[in-house]
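Starting off, we have a lone chain in the form predicted alone, written out as structure tokens.
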Amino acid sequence: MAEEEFTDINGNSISLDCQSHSAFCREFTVTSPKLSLRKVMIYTCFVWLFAYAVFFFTENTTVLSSAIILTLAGMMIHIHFVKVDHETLLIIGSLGVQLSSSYASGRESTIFIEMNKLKDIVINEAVYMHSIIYYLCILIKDPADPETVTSVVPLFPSSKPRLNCLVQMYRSCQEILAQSR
């Protein structure tokens, strides 16, 4: 499969890369746009100009030092914990589902859900701000009662793809789940 362009719920461009490794194994990677240097520069200039205005009236140099330190710390926290470059869903029919997130700093987080814990993969809807959004999620079985759901794990929480992108991934995941049952 090839890489396709879609948009997220905010209208920003994202790309979906679908790879079929075998009949029982598929990988979906949603890539978000890189960190905008323009936005970083505008934010930094705004904070530093505000700090300079406060310094001008108070003549306190700690204001400037604090602004520089807070701006740098804020950028580091944003890059390391918030800004996700790409999210990956790897579904292997006989084994389970692996969810990975790669952050702008290079940090990666991975979760694996075994197939025997997975009840289903569905498209769910939620109220987000003033609109209704759709998201792909995994329903986790209750070990005591396999017919009930104990938790819901949302997929692609940072990139938030629109419904047309989710439907494509959903159909492919359902093909694999149908083969493994």
Partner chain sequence: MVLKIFFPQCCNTADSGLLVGRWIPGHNSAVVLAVIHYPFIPGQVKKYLSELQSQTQVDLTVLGSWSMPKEGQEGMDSFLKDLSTIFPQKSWIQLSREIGKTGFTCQVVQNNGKLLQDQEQKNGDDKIILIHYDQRKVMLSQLHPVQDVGQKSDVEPSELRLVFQTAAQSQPLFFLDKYDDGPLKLTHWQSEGREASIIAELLKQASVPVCIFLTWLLSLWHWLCSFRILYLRPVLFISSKLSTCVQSGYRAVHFQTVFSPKKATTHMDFMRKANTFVSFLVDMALGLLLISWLYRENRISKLADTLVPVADRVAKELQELLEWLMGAPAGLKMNRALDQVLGRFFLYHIHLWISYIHLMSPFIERILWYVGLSACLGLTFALSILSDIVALLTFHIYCFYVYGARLYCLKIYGLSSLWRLFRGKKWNVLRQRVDSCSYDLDQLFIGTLLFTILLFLLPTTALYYLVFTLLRLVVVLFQGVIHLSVDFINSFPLFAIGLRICRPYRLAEGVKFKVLCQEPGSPLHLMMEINPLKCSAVLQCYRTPTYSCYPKDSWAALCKKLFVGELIYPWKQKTTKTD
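Numbering follows the first chain given and starts at 1. Between two forms, the rigid core is defined as the largest C-alpha subset superposing within 1.5 Å. If you're wondering where the values come from, they're calculated on a predicted model, not measured in any experiment.
This protein has a second form, the form predicted in complex with the partner chain, left out of what is shown; the following refers to that one.
Only one segment in the set 46-54, 30-38, 110-118, 133-141 has residues whose heavy atoms sit within 4.5 Å of the partner chain in the predicted bound form; it is 110-118. Only one of Q98, S105, S101, T71 comes within 4.5 Å of the partner chain in the predicted bound form through a heavy atom, and that residue is Q98.
In the predicted bound form, C25 approaches the partner chain with a heavy atom inside 4.5 Å. Heavy atoms of L90 reach within 4.5 Å of the partner chain in the predicted bound form, making it an interface residue. With a 4.5 Å cutoff on heavy atoms, H21 counts as touching the partner chain in the predicted bound form. Core-superposed comparison between the shown form and the other one: the Cα of D120 travels less than 2 Å.
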